[in-house]
Structure formats: C-alpha cells, structure tokens
Ligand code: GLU
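Only one chain is shown below, in structure tokens, and it's the form predicted alone.
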Amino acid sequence: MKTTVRFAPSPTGHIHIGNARTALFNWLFALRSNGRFIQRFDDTDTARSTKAFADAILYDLHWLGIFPDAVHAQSKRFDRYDDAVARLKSAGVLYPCFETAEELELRRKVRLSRKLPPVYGREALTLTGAEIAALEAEGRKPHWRFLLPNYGGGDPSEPVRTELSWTDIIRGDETVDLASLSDPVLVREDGTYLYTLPSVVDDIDMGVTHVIRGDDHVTNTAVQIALFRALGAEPPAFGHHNLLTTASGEGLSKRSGALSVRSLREQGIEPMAIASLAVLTGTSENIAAIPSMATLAAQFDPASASKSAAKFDPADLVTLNRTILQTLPYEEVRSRLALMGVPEASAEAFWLTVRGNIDTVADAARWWSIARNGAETAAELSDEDRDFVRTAVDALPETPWDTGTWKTWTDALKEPTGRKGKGLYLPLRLFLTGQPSGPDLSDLLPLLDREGIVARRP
C-alpha cells in the first residue's frame, strides 16, 4: 500500500510554526517514501471554522513548499460519520448519556475524594428504558460515548486494566491502560461530532497509512486504535513528535496568532528558515539553515525527535534567514526586487552584492536606495577625512565602472594622500553608504551613480 499521510488542522485561525512542524514532518515523511500527502480540514465546528482560514492555511503550506495530493473538508462528509455512528450503535459500543456538565463535574469530585481515577463511571449504562424516557420527557438530549474495550468480557461497569500497545515510529514502544480513560464522547447533545470519530472514519476511507502528529495526542491514539478496530479497520502506524514551545516554555496557539506562518512571512522570514527551525529543533540534528526541501528530506529522520518539549528562540529564525539569503539564487527574489524598483539590467548584480549583508530580502530596498541616492544622512567626518573625501571625489574615475574600478581608484589615492588600510577605506565607505560596514565596495561601486557621488561632494 502506498504510504499516505495527512495534515488535519481546524480552520479556526492561521497556522503557527508549531503546526508547520507537524505538516512538515508529514510532508518530509511522504517525500522520503514517495508517498501521498492529504490536506484535510477538521471543520465540523461550523461556528468557528471558516473558508477564509482554510484558504489561508493552504496558501501558507504552498508558500512553505508543501503541495497536497488531495484536499478534503470534513464538513462535506457527514453522511460517512452518520453511517459509522449507526454501525457503532448496532454493535452496542455507542451508548447515550444524559448527564449535564455540572453533574459530571460533581461525580468527578466524588471519585477524586474516594481516591479513584476521575473517569466517567458509565452510570448511563444502568439506565432503564423508563428512566431514559423520563429524562427525554424533561427535554434532555443525550450525548453519545464510545464504550472502550476495557472490561475483559465481564461487566462493562467494572473496567479492568487493559493495556493497548503500539510501536510509535517516533517514540518507540507505547502503552496506554484503557481502564485509566473515560469513554470518549463522539457525538454531542446537538448531534455534532467531536474530533475523534470523523478523524478515524476519514483515515479509513482515505487509506491513511501513517498518522504523524504532536505528542499531546498520545492518549487519543489509544482511543482511536480501539475505535479503528470497532469499525473493523486495521489502525495505521502512529508517530508522535514533541511540541514546539517558546524559550520560556509557552505553548503556541492558532487563536493568539503568535508566530503564525503568515506573520513570519510578513516579517521577511524565508520558507526554508521556518522549515529548518520547525523540523530540526528538538531533534538530535544540529539546527542549521537547510537550503531546500529536498535536502531537508534527505536528512530527515522522525525518530531523531526527543521526547521532551522542543524549546526554541524566535530570534534563531533571523540567524537562519540571514544564512539562507547568503546563497539564495537571484531567480528566487527576482520579482521582489522588481517591486522595489531595481531595474532588470542591474538586479542580479545588485542581489549578489547585497545578499550577504541583509537579514531579510526587504532589507535590500535600503541598499538600493543607497546605491541610487547615496547615504540616508550625510556621514559625520573629521576635517581631515572630509578633505580626503574631497580629494577622492575629484579623482573619481570616469564611467563605465566594473569590479576593478574600486581598486584602481583607491590605489591612485594611496601615494598622494599617504593613506592606506582603514584610514583609506572607511571614510570612503561612510561617504558612499553612510554605513561603517556593508557589501564589498568592489561590487557595489559599479551600481552607484557617478553624478550623484560628485553632487554629494562634501
């Protein structure tokens, strides 16, 4: 069977770098095995899910370099979930419960006071037909729970230790005691579905072979494996990666918008800087700026992820971004330079000149302004340096200029001025750019305007 993975966020906000980690783990896993990547939207919560967010998520994924083989929306598949519910009811493993949230909380506290695990006690299983009719007459509507197979063929109200084990493709051997869990609610009182049932039904129907997600789903996995089997399906392989948190240990949220892929893109962070940090943080691999998705896929090993939370510093993105820009080909920034007003004839030479001195592509606009208009503010020069710059401008070679012009010009200044090294080069750099450091002036000078330089003679 062809390896098939899926990424299934709720379209209730913009995905953040932590969501990108899950998407990338799946995408790289599919790339390594020549498999399929399914984009699925968990949009059964119609009150909070929007098409605008779904479209934004797809845009973010495409921008990162992830291109799904298929896109599905759970809101279009209610008939499949209805069918699964009917099958589970017929099998006697989906049962109605009428407790209110307040009643459930009271029972939880009672169990805790008796030093019992705070799980649902399956009281609804003991309701008689008359009791159910009376509750319905009160106007109560049931929610429906999945009966976990943790009673060993005995009385369901007396669960026994029932270990469910699997070999996690990231974490290794995992075991969960089903008796330590409450029977999960699959259908709410209003008939809407919670996450668990649609996810399992979709994975079955779409032939998902590997489910790779955050380790906050480990317990859910035990429940879902039981549900796969109740629906007569073989569970896929599961892998749970560690979650990304900020350096202070704070989790990430789509609702807050913190570190969203969208906001990082607007800050000028390149896709591969995000991908490099999102994938390599919290693994045995060194965090480095990986130039392409193919290169990242070649060294990707899901089993290298640690079992502890993956803390990262957002400032690392700037460092990675700077490194990526140093080798980023001109073709990948061509359109962005055009929007800055850099003419096609000069754009490639300009990019190769400045890319090693910027944190984001947008920073190149400042250097183009310097190239065309000179320093943003006149450099503060000593009287001696000002006299030297005047002499230098008077000796400025005629155009056309090339990469050898800088050496020709400065060599010609050494003997008459007696200057060399920093005393020669720094005043000229400050005059030409207003900056004490920057691109190699051998490469930058041919992009400057001679008339403008002469006009700005101090």
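Predicted, not measured: the structure shown is a model, and the values here were computed from it. We number the residues from 1 along the sequence you see.
Below: the form predicted in complex with this ligand, not depicted.
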For Gly13, is any heavy atom within 4.5 Å of this ligand in the predicted bound form, or not? no
Might Arg87 be said to contact this ligand in the predicted bound form, defining contact as any heavy atom within 4.5 Å? no
If we define contact as a non-hydrogen atom of the residue within 4.5 angstroms of the partner, is Gly18 a contact of this ligand in the predicted bound form? no
Considering non-hydrogen atoms and a 4.5 Å limit, does this ligand approach Phe98 in the predicted bound form? no
If we test each of Ser276, Asn321, Thr353, Ser199 for a heavy atom within 4.5 Å of this ligand in the predicted bound form, the one that passes is Ser199
So which of Tyr120, Trp368, Tyr195, Phe146 gets a non-hydrogen atom within 4.5 Å of this ligand in the predicted bound form? Tyr195
Only one of 342 to 350, 210 to 218, 147 to 155, 180 to 188 has residues with a heavy atom within 4.5 Å of this ligand in the predicted bound form, and that stretch is 210 to 218
Quick one: which residues from 315 to 347 get a non-hydrogen atom within 4.5 Å of this ligand in the predicted bound form? none
